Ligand code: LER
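The chain that follows stands alone, in the form predicted on its own, written as structure tokens.
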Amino acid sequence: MIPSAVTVSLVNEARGGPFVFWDDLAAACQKAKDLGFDAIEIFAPSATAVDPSELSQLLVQYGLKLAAVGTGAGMVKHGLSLTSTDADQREQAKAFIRSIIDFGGPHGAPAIIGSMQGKWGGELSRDAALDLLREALNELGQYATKHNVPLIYEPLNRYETNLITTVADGVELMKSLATDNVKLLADLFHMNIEESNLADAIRAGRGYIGHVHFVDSNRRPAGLGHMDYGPIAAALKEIGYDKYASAEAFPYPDPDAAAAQTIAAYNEYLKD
């Protein structure tokens, strides 16, 4: 079974970004439950932005799980990167991610590293940047084992990073790590830009994919672009994928409609 999730952003600096629900966590949980989602994915400004007891109460009250927690606020709010040429900033970036791991870990939710991976360029070569990224993923992946959750690493499209942009390159990066506690995020929007065949890319990620962002080619909710979900769903089931399909999509035309559209597409293609 591939469970469903919907994103909730609490980060003001990310406003306009691809998150379905915004600001009101309790209201988002209510709507997620009413529509039949299994879980929520939270994008928070910090690990202290949500009271742990309140989060636990909301998850129990609405019968939801916490699918994952994003770390992107480390970049968009604090300007932190794991591949910064400044060693102090790299340590601050890792500390921020450790705090997010500790936020989600007690609920069985992995932290996602996307934009905080940074880029190479200028005085930083690609090889040097990848060495810094490996060092951080090894350290943070091992740290996540304290909660018995993986760390999730997300290949991004070429306009957002110049490090790892495809699932195949992500697999090679995973193979080069000293830890096996880092998994890949297969984001269908990024894959639509970078992969020649999304279903084949998913098959190439067998055993390495730990999270999926279920979204359309234009970052609108699934079904509102030109994505062909039949082969994608078949490939996910073929590799035995049983983690979350989470809607990281624009709230188009509005959050409620975006969530309803997503769950309808999920029910059509992914729900067993």
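No experiment lies behind these values; they were computed from the predicted model shown. In case it trips you up, residue 1 is the first one in the sequence shown, and so on.
What comes next is about the form predicted in complex with the ligand, which is not displayed.
Using a 4.5 angstroms threshold between heavy atoms, Arg219 counts as touching the ligand in the model of the complex. When the ligand is considered in the model of the complex, Pro150 lies well away from it, no heavy atom lying within 4.5 Å. At a distance threshold of 4.5 angstroms between non-hydrogen atoms, Glu160 is in contact with the ligand in the model of the complex. Taking the partner from the other structure, the ligand in the model of the complex has a heavy atom within 4.5 Å of a heavy atom of Ser115. Checking Ala144, Leu156, Val171, Leu132 for any heavy atom within 4.5 Å of the ligand in the model of the complex turns up a single hit: Leu156. Annotated contact segment (heavy atom within 4.5 Å of the ligand in the model of the complex): 182-190, selected among 88-96, 197-205, 182-190, 120-128.
Contacts to the ligand in the model of the complex (heavy atom within 4.5 Å) from stretch 232-251: Glu248 only.
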